[in-house]
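Take a look at this single chain, the form predicted alone, given in structure tokens.
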Amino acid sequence: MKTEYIEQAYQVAKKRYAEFGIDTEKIIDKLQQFHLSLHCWQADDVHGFEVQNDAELGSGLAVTGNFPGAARNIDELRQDILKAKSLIPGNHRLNLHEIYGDFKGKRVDRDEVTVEHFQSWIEWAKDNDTLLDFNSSSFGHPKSGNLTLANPDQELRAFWVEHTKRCRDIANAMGEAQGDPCIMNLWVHDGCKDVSVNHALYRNLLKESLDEIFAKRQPMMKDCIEGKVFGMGLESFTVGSHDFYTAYAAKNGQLLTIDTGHYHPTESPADKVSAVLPFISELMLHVSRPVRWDSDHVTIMDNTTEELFAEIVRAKALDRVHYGLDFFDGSINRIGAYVIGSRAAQKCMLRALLEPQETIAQYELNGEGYKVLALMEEMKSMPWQAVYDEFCLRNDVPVGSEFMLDIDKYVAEVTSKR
């Protein structure tokens, strides 16, 4: 696409938005500060780098597809992540799960992991101007079972408490090294496949575990906790439900994670934003596309994602929300999935930023409902695409669909030889 066409289209868009009081230059500056946290597990289908762990992924999780070229080791994973980042405008964080440690061919159980196993990630991130986020990993382990932090077996529960404590130590070290707090997400799959009468027991145990885990102050990391409706194979009862974690986060000052696939299909994740922000200081997002509940398809510009980002802007909560991606699709080119999903999230945020929110809000307060609807409909056909193309141009990344050429070349030269 010729640069002159991009710039001409942008100048027209700039004037069109100015008619509604929107300064597109300021919006581009805001979009430049919109940092996604890219999920490392998209590049290898959540395999990780543990040694001698033959346990299946399980624990309510599944990755579909076997598209050729998945990363097989830490070097290939890093190579793929950097390739994806080169095709996404802006500068973005990287979200690591504990199972992606640099274990150097040694067996390290999850209650033995230390900062040492992530030192090379810290150095790599510094060399590549990338900030790190982190996650504990309770799934895909011989001791995972159906219950981890809520397990009545004291020995098993202690194993997972120790694992999570060590993950917080690692996250804090990452934050110290990068001079910016590392966001650590805690999600456990704990639940029951069939009828259970011990709901209160399991939830009290989970609370005890969390209280112990969070007792140590970690100044350079932020804890967020993530609920769920149910996991595959654990359909009847989830210990860490949304009600449980919302209450715990509000009482104890943790961040709450909103995962777009973790709600009933008739619920709106966007509506959760203004519902919880009066009681919780910050939110973490895990953005994916729940085609059938928590199927974690690649993010696109669907209504759910557009409404979520619009609500964040309307709530004036840009500085109170952290933006992570959480799809893992092995049925298509994994780097293509990275780029499509990341760009879609950026486009949803851009459209939200370009909305003349104050004008529309005042119409509503004035009782001029038809003007609210009329202006919101008009915004749908405004030339926001030209603003995004200009954003890509200024970040020296391919504009429009041109990134597909780069990915095809990468496939030919790199991933097809794996």
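Just so it is clear, the model here is predicted, and its values are computed rather than measured. Heads up: residue numbers just count along the shown sequence, starting at 1.
One more form of this protein exists, namely the form predicted together with a small molecule; it is left out here, but the text below deals with it.
Practice task
Just give me the single entry in D294, D80, D329, E311 that has a non-hydrogen atom within 4.5 angstroms of the small molecule in the predicted bound form.
Solution key: None of the other options qualify; the answer is D294.
Practice task
Name the residue from F118, W160, F139, Y248 that puts a heavy atom within 4.5 Å of the small molecule in the predicted bound form.
Solution key: It is F139 that has a heavy atom within 4.5 Å of the partner.
Practice task
Look at the stretches 266-274, 67-75, 142-150, 321-329 and give the one with heavy atoms within 4.5 Å of the small molecule in the predicted bound form.
Solution key: Of the options given, it is 321-329.
Practice task
Considering only heavy atoms, tell me if L61 and the small molecule come within 4.5 Å of each other in the predicted bound form.
Solution key: L61: contacts the small molecule in the predicted bound form.
Problem - Partner proximity in the predicted bound form: W41 to the small molecule, non-hydrogen atom cutoff 4.5 Å - result: W41: contacts the small molecule in the predicted bound form.
Practice task
May I ask you to check whether T164 falls inside a 4.5 Å heavy atom distance of the small molecule in the predicted bound form?
Solution key: No, no contact at 4.5 Å.
Handout entry: 4.5 Å heavy atom contact, D223 to the small molecule in the predicted bound form
Key = Answer no; every heavy atom of D223 is more than 4.5 Å from the small molecule in the predicted bound form.
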